[in-house]
Each structure stands twice: as C-alpha cells, then as structure tokens.
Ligand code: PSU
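A lone chain, given as structure tokens: the form predicted on its own.
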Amino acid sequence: MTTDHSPVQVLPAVAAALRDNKPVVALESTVYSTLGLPEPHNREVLASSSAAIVKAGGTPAMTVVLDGVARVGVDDPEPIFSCTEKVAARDLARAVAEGWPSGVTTVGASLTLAHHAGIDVFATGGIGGVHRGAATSGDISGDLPVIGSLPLVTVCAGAKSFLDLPRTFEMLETLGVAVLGWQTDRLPAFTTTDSGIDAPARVDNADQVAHILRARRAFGQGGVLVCVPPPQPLDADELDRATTVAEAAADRAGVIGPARTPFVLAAIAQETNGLSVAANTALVENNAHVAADIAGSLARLAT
C-alpha cells in the first residue's frame, strides 16, 4: 500500500494491523542479511524473531529497499538474505530515486521507514555508535542522530561491544536519547551483559516503556533506547581478546566506514569459533519478543 503522502510502501497486512491499532514491530533487514549473520543463521533467526512477534500478538514489519521502492513489510524475504548493499538513512532518497534493485536497511534507515509508516517500536541486535579511534577517524554511526530525532522505541542489546562504549553513550546523552536498562541497572554491550556503564534509568516492564514514549512525544522529544541484556552472553574476557584481534585485522586491511562493522563481526565470529554468532542470534530473537511486548502496551494505551 502506498499513499500520496508517504514515500514508503507498506505491506497490506502491516497496514491493516496499524489501522486496527494492533501491535507492529519494525525489523532491520541488515541483521538478517549476510552482512549481519552468516547463512543459515540469518534465515533461522528471521523465522524465530517473526514467530516471537506473532506469538505476542504482533505483526513483524521488515524494512528494506527492493526494486527502487522503500518497503515496510515484505511477502518474500529471499532477496534480503543474500543482499550485500547497505542503505543508511542518508542513502534512502538516492536508493529510491536511482531505483536500486535491493538494499538492506541500517538502524537509521529502518527507523526512518518505520516512522513514515506510523510504527512506534523497532527491534534490532546491537546499535552502531562511536568507533574506537574516532577522535582521529571521525567514524561515528549515522544511526545515533536518527535514534535521537525520531520518537520511536528502539529495542537492542546495547551498542556493539567493539565500539568506544563510553563515548557512544555520551553521544546518546548529548542527542537527548532516553536510554533505559531493561530489567538491569547496567547497560549491556551487545553479546555481553555488562558494558561497565550504569544504566541512566531502569525499566522492568513494557508498560513503563510505553508511558515514557508517550510522555516524550507530548514534550516533542525524540527516541527511547531500550537496552536488553543478551540471554546467551559471551565471556567478557574472551570477547575482549577476540575484539582486539578483529580490530587489528580491520586496521591492517584498512577497513573503515560502513564496511568496518560487518568485517569486525565476521572476525570476532571466527575468533570465538562461532560462539558470537550463537549469542547474536539469541539476542536478536529476544529483542523481538521484548519489542512485541512494548508494542502491545502502546496499542493498549491508545484504545
């Protein structure tokens, strides 16, 4: 479904759920491509994440660019699994105008599409942020200002562990993002439960998050970031070792910008003998479940 007022094509099932005030959870397609997870894990976790949302009474809405169309909800996810073209928020207009055949969306692009479709809640794995050495490279994810500017809930497992976490969360504070620890007083760091950073605030249920989002919207404020500890965390020391090796490999290869995150993730997976992939798939499904609960609370508040 498209309208004259929106640049986004919304799958009829998603449009119907929104029209009927049913819970809808937007999903980031990059996570489910091989840029996020290797085959067959990407396929398996998309199925399990979608099932978790449906079981909670919600409708999953994958965001993606296909055949030059920005889409929210897809009937056939097959093109997503093998797609290697990433679409950030800055790329959306060009991807549509130039008719890109396919492009998986980052956190920022996914939030942008979800906002245009009228979706309140978005689920992903770990968000991007300030990369180590950013004082020299300037490498800071474009996801952060989008999270700060759009009044949506982003459910994640914190920022990716190989980032400069203190500076990432300082940037989120600067951008005015409400960062919440989900049933925890310490912020997780993607595949580990403790980033070493205290959560600015703690929430213990979906209703709390729903009320916070509604209040922020009333004040004209932007996004809410819900940080959920991973259910199958990696050993912190082992992850630190693997991250050091992966970052060094990226430096030697001269990998910077958007290509660095998938490179480092793949290197960490190799160094941990696949344990990081198992942790990643578990947290992606868990985040989808938490997001569905929050979407359900928001839907109930609107009735």
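What you see is a predicted model; the values in this text were computed from it and never measured. Residues carry their position along the shown sequence, with the first being 1.
Missing here is the form predicted in complex with the named molecule; even so, the following discussion is about that form.
Contact check in the predicted complex: Ala26, Ala210 and Gly296 versus the named molecule, with a cutoff of 4.5 Å between any heavy atoms. Do all three pass?
Verified in the predicted complex; spot residues all out of contact, no.
Does the named molecule get within 4.5 angstroms of any non-hydrogen atom of Thr30 in the predicted complex?
So Thr30 counts as contacting the named molecule.
Check whether Gly128 has any heavy atom within 4.5 Å of a heavy atom of the named molecule in the predicted complex, and answer yes or no.
Gly128: contacts the named molecule in the predicted complex.
Given that the named molecule is not shown alongside this chain, does Gly142 nevertheless sit within 4.5 Å of it in the predicted complex, heavy atom to heavy atom?
Yes, Gly142 is a contact residue.
is_contact(Thr154, the named molecule) in the predicted complex, heavy atom dist at most 4.5 Å:
Outside the cut-off, so no.
Heavy atoms within 4.5 Å of the named molecule in the predicted complex: which stretch in 254 to 262, 48 to 56, 62 to 70, 240 to 248 meets that?
Heavy-atom contact with the partner occurs in 254 to 262.
One residue of Arg214, His116, Arg186, Lys86 in contact with the named molecule, assessed in the predicted complex (non-hydrogen atom, 4.5 angstroms):
If I apply the 4.5 Å criterion carefully, the residue I get is Lys86.
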